[in-house]
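Presented below, as C-alpha cells, is a lone chain in the form predicted on its own.
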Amino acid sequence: MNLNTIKNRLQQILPFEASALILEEIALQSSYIPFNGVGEHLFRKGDSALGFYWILSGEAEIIIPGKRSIRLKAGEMAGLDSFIEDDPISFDIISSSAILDCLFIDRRCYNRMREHSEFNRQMNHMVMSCLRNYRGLLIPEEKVYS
C-alpha cells in the first residue's frame, strides 16, 4: 500500500480532520501490515505488547474463551490496552475478514501521535472503549455498579 493510500485510509477512519502533514508523519513512522485470511493471528495470548494494530480496513476479533468475542472494525485498535499498561497480551486477536489492513504503531510513533491534541483525544477515547468492552465481558453483571 502506498503512502497516499495510507493517508487517505487514515483520514477516512478518523472522527476529526487531520492535516496532511500529520497523516504523512504517522504513515511514515508506523508499519503497514496486511493480513490475508480469516484466523491469522495479530497477537497470541502472552505476546509482548511492543505496539498495537490500528485497523485501516477489514475486521479483527478478540477471542475470550467462554465469552462472546469482541469485534474490531476500521478505526479501532487491537492490543492498545496491553501496550499502554506494558503488560503481555491477555487474549488471542485474529483477523476475521479475508483482507485486514493495519498500521502497527510502536512506542516511538505512539508518543509522536500523542503530541497532537486531536490524536491524544482519540487515543483516550479508544482506551475508554477498550475498558467498556472488556468490563462487560470480564466482570460478572452483578458486580458492575452504575
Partner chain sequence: METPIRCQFCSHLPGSAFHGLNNDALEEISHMKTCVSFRKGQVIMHEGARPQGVYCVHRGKIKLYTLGTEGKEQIIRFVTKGDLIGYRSILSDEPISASATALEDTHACYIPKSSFFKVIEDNPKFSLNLLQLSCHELGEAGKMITSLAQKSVKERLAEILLILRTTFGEDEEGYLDISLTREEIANMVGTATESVIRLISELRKDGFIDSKGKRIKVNDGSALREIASVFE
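Predicted, not measured: the structure shown is a model, and the values here were computed from it. Positions refer to the first chain, counted from 1.
The same protein has a further form, the form predicted in complex with its partner chain, not shown here; the description that follows concerns it.
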| item | value |
| --- | --- |
| Which of 114-122, 75-83, 44-52, 58-66 sits within 4.5 Å of its partner chain in the predicted bound form, heavy atom basis | 44-52 |
| 4.5 Å heavy atom contact, S90 and its partner chain in the predicted bound form | no |
| Touches its partner chain in the predicted bound form: L28 (any heavy atom, 4.5 Å) | yes |
| Contact test in the predicted bound form: I70 vs its partner chain, heavy atoms, 4.5 Å | no |
| Residue contact check: I33 to its partner chain in the predicted bound form, 4.5 Å heavy atom | yes |
| Contacts with its partner chain in the predicted bound form - residues in 96-115 whose heavy atoms fall within 4.5 Å | F104, D106, R108 |
